[in-house]
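One chain is shown next in structure tokens, namely the form predicted alone.
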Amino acid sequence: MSTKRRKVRRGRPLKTDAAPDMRERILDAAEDHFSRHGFWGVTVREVAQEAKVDTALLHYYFNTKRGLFDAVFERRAEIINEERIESIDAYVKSAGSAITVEGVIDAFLQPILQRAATGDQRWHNYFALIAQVNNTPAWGGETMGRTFDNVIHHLIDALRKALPDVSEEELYWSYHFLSGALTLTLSQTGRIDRLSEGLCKSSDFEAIGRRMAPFIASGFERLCKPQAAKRKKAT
């Protein structure tokens, strides 16, 4: 009776061989380090040590530190982008002709604020990372655009329905201010805690969720509605 020897593959594992839990462990470790120290303050060796893997494995699966960073940044973006697009679409459909600026902005904000409210440290790390990237002049704009522009254009399209004849210039300036307010809020720096002597807490996303959409909507309407009225009068 003859038996066939099982062929054993030698050398490096295929990239598809990475156990999902190992990949997630590497990404979680990198996310933690990048969120606390920024891109330039982290080494691949430090990430490998926390993930308890060899540095060669990180280079093999992600090629470079930037490749690792991009994988970290894109992982959760896919989730929140899908959630926000679905939320905006659901609101626009249900509101119909009664669509409002505040309703659109709330639909855009709630999925991300609800994620932040869970207290999950991994999401906290990710949101802190977003805040860093959004304030990185060298390559932050390109990274934010590549990752989030699709959902932002979706938001802008919905706002056009709530603000007929709106000035495009004022619409984009208003979004610019929304973006800054949101990323500052997501970073949870604790500054408002100190300024208010504990009256307000940067981690209180229930309070933030009640206030942010009305506040931001007022700014949009203050800038955009007068311009829309002028454009309508001119035509």
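Predicted model, so just to flag it, every value in this text is computed and none were measured. Just count from 1 along the sequence shown to find any residue number.
What comes next is about the form predicted together with another copy of the chain, which does not appear here.
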Item checked: Heavy atom of Gly67 within 4.5 Å of another copy of the chain in the predicted complex -> no
Notebook entry, point to check: Do Tyr91 and another copy of the chain share at least one heavy atom pair within 4.5 Å in the predicted complex?
Noted result: yes
Item checked: in the predicted complex, His37 touching another copy of the chain (heavy atom, 4.5 Å) -> yes
Item checked: Contact of Ala131 with another copy of the chain in the predicted complex (heavy atom, 4.5 Å) -> yes
Notebook entry, point to check: All three of Ile152, Ala207 and Ile216 touching another copy of the chain in the predicted complex at 4.5 Å, heavy atom to heavy atom?
Noted result: yes
Check: Heavy atom within 4.5 Å of another copy of the chain in the predicted complex: which residues of 163-194 qualify?
Finding: Glu168, Glu169, Glu170, Tyr172, Trp173, Ser174, Tyr175, His176, Phe177, Ser179, Gly180, Ala181, Thr183, Leu184, Thr185, Ser187, Thr189, Arg191, Ile192, Arg194
